[in-house]
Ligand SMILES: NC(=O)c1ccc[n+]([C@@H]2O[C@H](COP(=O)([O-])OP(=O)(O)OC[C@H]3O[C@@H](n4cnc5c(N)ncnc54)[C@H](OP(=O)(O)O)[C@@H]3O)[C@@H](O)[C@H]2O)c1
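Only one chain is shown below, in structure tokens, and it's the form predicted on its own.
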């Protein structure tokens, strides 16, 4: 059966393997864990995972696609690779794709010099003829404990050009649970879900919550875009990444990410995890010791 939008309706994924690309990343490793806890045959693939996969080495593609029926896709840095891979995957028998993307990507991608990787991955699965669903997520709460903002917080100072605009940070565990539902259940074909936490809070408030819960001295400093760019360069960040990071905060300052959305509730029939609960769990796990 085929939807009017061209996506095949195959129903729940009851046979074959589910492929998770980027399986060592913030969402990927959680998706792998959640799938396996449900008894779903899962192939974890990345450059450093149990199954080796490299976007830039097409010789690694066939092995990861063998017997795969559903695939979790995190966009490659090179936009053209997404369409190539999806075409190869569909020919190999993949029937369902779930893509992790970002809120506001449709607006941001239209701007000169903007990164095209996520919108290209969305376009690739929409055009594939296979069943697809897209997850457009806010910034992850786990950025504060596992990635971008972790080291600055441990040093006591997080400085960003947010313009004071709040954001409803989304918990990566919620994203993984949503991804599993989209990968294994029916009823989501041709859907794009916007995913956020339950309330918006400013970066200064977020840092204050973490500082109180962890018992560490931390502060947030609001920068101008020019100051932020200068700090990135002083830290040795190379030019392409400087442009990417600064442009991301343009979307933040314009308020495109500020309003909470109900995608988590739509898929999981529950409220998303609030920031305080995320922080309590991260503190218990020793994130800011």
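Positions refer to the first chain, counted from 1. Bear in mind that the values here come from a model prediction, so they are computed numbers and not experimental data.
Note that the form predicted together with this ligand isn't included here; everything after this is about it.
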Among the candidate residues 233, 47, 36, 253, which is the single one with a non-hydrogen atom no more than 4.5 Å from this ligand in the predicted bound form?
47
Consider the chain as shown here, without its partner, and state which of 67, 54, 262, 222 has a heavy atom within 4.5 Å of this ligand in the predicted bound form.
54
Candidate stretches 82-90, 208-216, 140-148, 155-163 - the one whose heavy atoms come within 4.5 Å of this ligand in the predicted bound form
140-148
Report whether the minimum heavy atom distance between residue 200 and this ligand in the predicted bound form is within 4.5 Å.
no
Answer with yes or no whether residue 24 is in contact with this ligand in the predicted bound form, where contact means some heavy atom within 4.5 Å.
yes
Taking the shortest heavy atom distance, is residue 74 within 4.5 Å of this ligand in the predicted bound form?
yes
Touches this ligand in the predicted bound form: residue 168 (any heavy atom, 4.5 Å)
no
Within 90-111, the residues that have a heavy atom no more than 4.5 Å from this ligand in the predicted bound form
100, 101, 102
